[in-house]
Every structure is written in C-alpha cells, then in structure tokens.
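In structure tokens, one chain follows: the form predicted alone.
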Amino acid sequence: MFVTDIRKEFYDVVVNQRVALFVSPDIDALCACKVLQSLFHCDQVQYTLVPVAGWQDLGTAFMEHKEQYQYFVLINCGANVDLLETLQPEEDSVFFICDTHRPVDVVNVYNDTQIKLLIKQDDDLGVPSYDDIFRDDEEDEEGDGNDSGNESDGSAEPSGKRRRYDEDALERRIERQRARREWEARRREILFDYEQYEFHGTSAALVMFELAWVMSKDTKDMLWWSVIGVTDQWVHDKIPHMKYVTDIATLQRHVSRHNHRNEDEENSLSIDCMRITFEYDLRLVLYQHWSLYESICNSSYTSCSFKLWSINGQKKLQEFLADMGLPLKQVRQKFNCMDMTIKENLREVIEESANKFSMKDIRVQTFAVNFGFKNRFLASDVVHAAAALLENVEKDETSADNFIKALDCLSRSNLERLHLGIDLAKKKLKAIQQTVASCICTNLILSQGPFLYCHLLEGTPDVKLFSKPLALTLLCKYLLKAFLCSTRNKRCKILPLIMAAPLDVEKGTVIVLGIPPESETSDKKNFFGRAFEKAAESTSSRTLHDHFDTSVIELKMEDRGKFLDALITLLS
C-alpha cells in the first residue's frame, strides 16, 4: 500500500529495529542510499547494506537475511513485480519499497500488511481500482451452494415444480458464469493497458531527502545527493524534460533555503565549506575537467548537431570554433589552464555561436557544487563519474567492490575517487563516441520494419564496456540521435531502437536493450519490456529477464533470429 505519512509509517517504525537495505546498481539508488545511511547514522539505526544487481540477487540476498531481519528497505527495485509471490516471505516480514520503476504492481498497491510503498502520490500512477482487479470468489461459490442446496431439499415437491426450479437455478448459474467471464476479460484488458509501458517516477533520492526535510535533519550533503539523483534520471534519459524541470524547481527552493540559512554563519567561506548553486550551464560533458574541444567532440548534443563522424561535420566544428573567436591552442588545453579572460564569459560566447548553428538548447538548468575554493563539480559530472566507477571493466573486480567505490565517490571526503571516476568517464565517453561513429559510417543500424536494430559484434573495440546496462543505455540513446540526424528516411525518425551487445562469449549470450522513439516531447514510456516477454514466450527463446528494468534482457546468441522475427510480427 502507499505510505501517506513517510515519517510516521516508515521512519518511526524502523528507527528502533535492525534493517536490511537492498540497493539496486544505479546512481539515483546510490544517492537515496547515502541519504538514508546519514539518517540511520544520526539515530544509530543498525542496518546491513546489500547491493542487488537483479531479481536473482534479490532472491538470494533475501534468503540469506530473512532469519535475522523483519524489516527490509528496497531502493529502486521491487515495485514492478508481485514481491510476495517472488520472495515468498514469512507473514511478519515487512518491505518498504522506494522505487522509481513504474507501473507499480497492483498486488503491491493493495497489500496493506507487508508491502509499504514509499512513492510520491502526485506521480501519474493510474492504478486501476480494487474492484476492477480483485473479486471475491466466495460470493460465486455461495451462490452455487444455495442453488444445489435448494435442489436437494426440494425432493418432496411435485416433479414439475422441481424441474422449473432446476431450470431457474441453471439459468442463474449460467448468468453468473457469463458475468464472471466478462469481468475477467475486462480485467485482462485493464491490466494490459496499465502494465503495457514501463517508465520512471520521482527520483528515490528526492523522496529520501524530503523525508529528512520533514524531520528537520536535512543537510547540504543530503541535498547535493538528491540533486545528483534527479540529474541521473536526466542524463540516462529516464524522465520527460518537463518532469526534470519540475523536480529541479523543487530542489532550487531547498538550495535557496540552505544557502540563506548559512549566510549568517561565520564559516560560510571557510576552506572546507560546501556551496551548492543553481546554474544555467552548458550541455557539454565534463567540460570543466577536460579540454573544451574534447568535450564538444564527445557530447551527444554537439556531436549529433555537427554530425562529427563525417568530414563535413569536422569542417562545421572548425567554423564553430572560428565563430567563437577562441584560439585553437586555448580550446585544446585543459579547461583549468585556459586564460581567465576567456573563461569569464565563455558560456555567453558559446551560446551566441551555438544559436547561429541551430543549437538552441546548448544550455540547461542544473546545479554546481563548490568544495572549498579549489573543487567545483556540476551534478552531471558526478553522475558520469559514479556510473563509470559502478560499471568499471578495466580491473577484474566484483560488482560489489565497484558498488562500494561508486558509493564512496559521492562523499566529499573522497574527492580523489571522484577524480578517478571522472578519468574513467572520459574513456567511456570516448568509446561511446567512436562506437557511434563506426556504427553510422558502416551502416550497422538496420530498419527491421517496426523498429531499428543494431548488433555490436564480438571484437568491436571497447565491446566489454557495453555489456553493462548503463553504458549500453547511453550508447543506445546517443546512437539513435546520431542516426536520426544522418538519415534521410522520414519513416525511420519515428522508430524505436533495439541494440544487442556480446555479454558472455563462453556462454554465448548477448545483452539486449530496447529504447522508445526519440523526440523532444516524448513521455519516455518504453513498451519493450512486455514485447520481449511475449516474443520469448511465443518462440521458446532462452532468455533471462533478470534486470529491474524490463527493457533489458539476456538472450542466447542462437535464438536471436527467431526472437527478432517474433518481435517484428508482434509489433507490426
């Protein structure tokens, strides 16, 4: 059921208990986890933190901890399936679910005892009403019982009367069965409409921050983590632009409140102070930690606008730099080393030139943080750095080790790790840019009728990086934008994209991801989750639907052909 008073129904319940905390591997979940950890430290709540990468992990983690714990908190996992059916818990186990995945499973919504949903009600949830989905079977059975009872009692009555009575009872029973069939057909239709599309709601970090705020325990660190959580949803394209703008406005009010509160304090300009500011900054990735030239080349927005994979695109970029009047020597060196005179009004110069090259949206609403006088980061910088650490494939470390490192880089005491993440993010963004360029230039994107399809072959440079869902998502979004900019086929511009990349060569599996069509007004609703399930079912393809995002699956290489054929038939 939905929790209406998050403090009373969630925090006050767990504050004197031991809690198991299951956290999914995405940046928003990490940020929500940091906020909750801070609150638990304040009140000395004992907890165990367990990273869970998918449904199998969640099941294993629950089996290991169900004896010791009664209360479980699930962050960004668990809302979109029938959790009691999946985990089969004891009757006294209670699950608090703070999850952005939609739609929320109806059984979770209407379970009053064991499932507590920490989900904002003002999201467009559209949950069907209880009577449309659940029906009391006892009524039907009672009705049938009465009819049969009357038949046996009436044995002493004349046979004509009894026959007429039997006919009435039979008619009533047929009528009830017909009504039941109609209700079941309508229920299937309602559930299909409700569960058809997967999408994302309000950031989990923001929900947790608002809990801290209600209890007057919110700090600047918590506020910064909630900013990163919302920014993660924007970077990985999980929410519509309007939703992002609304959430940013909410956060801006909190930022003003905190900055105002600290103006009176003497240490507001001390060497280790933290200041969050609202910015209308450039859509250039990591530009303050890179050279301006590298950042323009590796940002999907500028790269797709210029079509940098072509010779004409490179020429256009040179024209753009010339129009800004910036010396190439300055543009190609690290941002920190550029002349102060150039840096002072750099945003205005870039925006002015970008407008001439039809890049009207080069600036975006975001936040920046200053740690002391030396370190300045944009929220998107931290998202890219944490994601790169979370999915690091350079060293053979376990996913749990990477999870802890990504969690650590969010603390202001661990800036070395954040800088390490930024270096990894640069390599990842370069790899994405090169892969997009090679896919476009070698025509690897095929139109399959109802969708576009691209398969990365084993042996492609950096292919190991794209066996991870966040990296593959970024590549997929970037590739679809690039393809739309380079194709002349108008029909292709409204098609979704399915991408496959090698996952485990020895097992012969690929990771498959589907994203909805690209458009500025898109509501980011993804229908591939259900489509993948149906296609796998109808062809008996060997698939594993283990990810919390239903639009990401694992598939046996040999079954790829029949699986795609079934998808084409299904979506045509």
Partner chain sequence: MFCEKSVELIRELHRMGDGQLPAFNEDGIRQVLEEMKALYEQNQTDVNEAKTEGKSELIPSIKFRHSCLLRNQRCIAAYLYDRLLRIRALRWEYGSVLPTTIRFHMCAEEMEWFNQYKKSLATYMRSIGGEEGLDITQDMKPPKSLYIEVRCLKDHGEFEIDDGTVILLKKNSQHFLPRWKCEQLIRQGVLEHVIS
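Numbering follows the first chain given and starts at 1. A quick note: this is a predicted structure, and the numbers were derived from the prediction, not measured.
Keep in mind the form predicted together with the partner chain is missing from the figure; the text below concerns it.
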Self-check item: Candidate stretches 251 to 259, 79 to 87, 401 to 409, 382 to 390 - the one whose heavy atoms come within 4.5 Å of the partner chain in the predicted complex
Solution: 401 to 409
Exercise. Decide if the three candidate residues Q318, N345 and S486 all line the partner chain in the predicted complex, where lining means a heavy atom within 4.5 Å.
Key: no
Quiz prompt | Contact test in the predicted complex: T113 vs the partner chain, heavy atoms, 4.5 Å | solution = no
Exercise. Using the partner position in the predicted complex, report whether S438 sits within 4.5 Å of the partner chain, counting heavy atoms only.
Key: no
Quiz item: Heavy atom to heavy atom, is S413 within 4.5 Å of the partner chain in the predicted complex?
Solution: yes
Quiz item: With the cut-off set at 4.5 Å between non-hydrogen atoms, does Q37 touch the partner chain in the predicted complex?
Solution: yes
Self-check item: Single option in L503, L49, L544, A53 placed near the partner chain in the predicted complex, where near means a heavy atom within 4.5 Å
Solution: L49
